[in-house]
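Take a look at this one chain, the form predicted alone, written out in structure tokens.
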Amino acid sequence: MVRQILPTQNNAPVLVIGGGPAGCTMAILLAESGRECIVIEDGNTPEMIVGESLIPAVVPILKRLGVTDTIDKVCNRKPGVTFLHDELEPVEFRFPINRNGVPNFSWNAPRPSFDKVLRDRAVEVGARFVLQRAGLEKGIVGGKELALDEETLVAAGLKEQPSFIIDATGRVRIAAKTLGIEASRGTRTDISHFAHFTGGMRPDPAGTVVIIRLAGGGWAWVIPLPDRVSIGIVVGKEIAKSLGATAEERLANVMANEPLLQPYASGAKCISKTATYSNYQLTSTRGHGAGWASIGDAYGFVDPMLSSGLFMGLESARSLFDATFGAGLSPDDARRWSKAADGHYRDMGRWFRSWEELISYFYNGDLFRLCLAGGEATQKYNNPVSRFMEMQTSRRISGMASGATTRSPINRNFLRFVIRNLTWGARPADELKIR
């Protein structure tokens, strides 16, 4: 039975549940717009957080939030990504210069430091943080689907319900779970183990992230942070079981036995716990309703491949704000608000589909097959046409991976065309895929 809850008032604050990057981005934008914002966080932030490598598309958002100078001090710059395949030559992608306002660099972020920068900025501009495990109830008066329970209201110092609730709780998905909203899942059910190390070889050029296709199945990352290196593996659950009984055993086993990973593992000393993440590919079937909306991982996450997750968290907050609060809409104007929110989530859907398509080319071997075919064509013909196509392919993939042109229909169609028509004679993609 749901207790009597006071209806929302027009001047009541907006409440954000979750103080991670998505929640803090929303809090900063709300506070800067003059709206009272309260962030409820439970303080249970894990020591190790996935999402340590950013893509260039985050830079314009962080610039808008006013934190790029501070981020530049606590993170190191990332110029691109190198893919190492156990059966192919290295494939290097360098981010293109200034595409759609997106620069040719990003950062590798020690997450506690990165998250603190955003939190400090939110406090600076007026957001109020409350340490409390949020409780939600459904079946509310006033036409809203969700409300804070009495304990949370008291902890937040509120006598009435907030004007709006934003779920930024990540994989916890508190709003969706309270309302019984299901999630659609992707085709992969991988598990990831990662830890921090010192003493091993760092990627070259400085700041470059290395992604390695593992001969035993799955893939690994090497992310150079300012004073350490993050090394992680992403493997299928059955493969994980064969690698050992614990996360530490599995990660150590791969680091010791995978030839392409060994140079980074040799002499490396673990200085952290080994973290585990699973069930990456998950998107809620509904992201908003009367009086609430979800952002960041609470709404959906594509995959750790290509490091789109943190950008999508920040972008989802920016996009929802601009479509609703930033456009001067009131949550009490249900029709206009719902229409604007629907547009936002359609936009998020286009982002997810574009990232899923691009990432699928890495998993299914098409991209490696394309790179192999392009290199062979250049060696065989070495004419202006072959060199032009190889340059165009690399430039477009780099732009899409940077977040600058991920959703570009021209680039997506170009990539489909060259994969379908310009890979004659190359090894089958199935032999090159990430198993």
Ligand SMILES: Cc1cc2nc3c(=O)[nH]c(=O)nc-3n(C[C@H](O)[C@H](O)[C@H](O)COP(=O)(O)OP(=O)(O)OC[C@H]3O[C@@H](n4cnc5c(N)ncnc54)[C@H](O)[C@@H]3O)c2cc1C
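Position 1 is the first residue in the sequence shown; the rest follow in order. Remember, predicted model here, so these are calculated numbers, not experimental data.
We do not show the form predicted in complex with the ligand, though everything after this point is about it.
Using a 4.5 Å heavy atom cutoff, none of 60, 315 and 399 lies near the ligand in the predicted complex. Just one listed stretch, out of 388-396, 406-414, 362-370, 51-59, contacts the ligand in the predicted complex at the 4.5 Å heavy atom level, and that stretch is 51-59. 310 is the sole member of 148, 310, 231, 212 with a non-hydrogen atom within 4.5 Å of the ligand in the predicted complex. The ligand in the predicted complex comes within 4.5 Å of no heavy atom belonging to residue 222. Using a 4.5 Å cutoff between non-hydrogen atoms, residue 301 counts as a contact of the ligand in the predicted complex. The ligand in the predicted complex is not approached by residue 331, whose heavy atoms all lie more than 4.5 angstroms from it. Although the partner is absent here, residue 133 is a contact residue: one of its heavy atoms lies within 4.5 angstroms of the ligand in the predicted complex.
The partner is not shown here, but in the predicted complex the stretch 18-51 reaches within 4.5 angstroms of the ligand through a heavy atom at 18, 19, 20, 21, 22, 23, 40, 41, 42, 44, 45, 50, 51.
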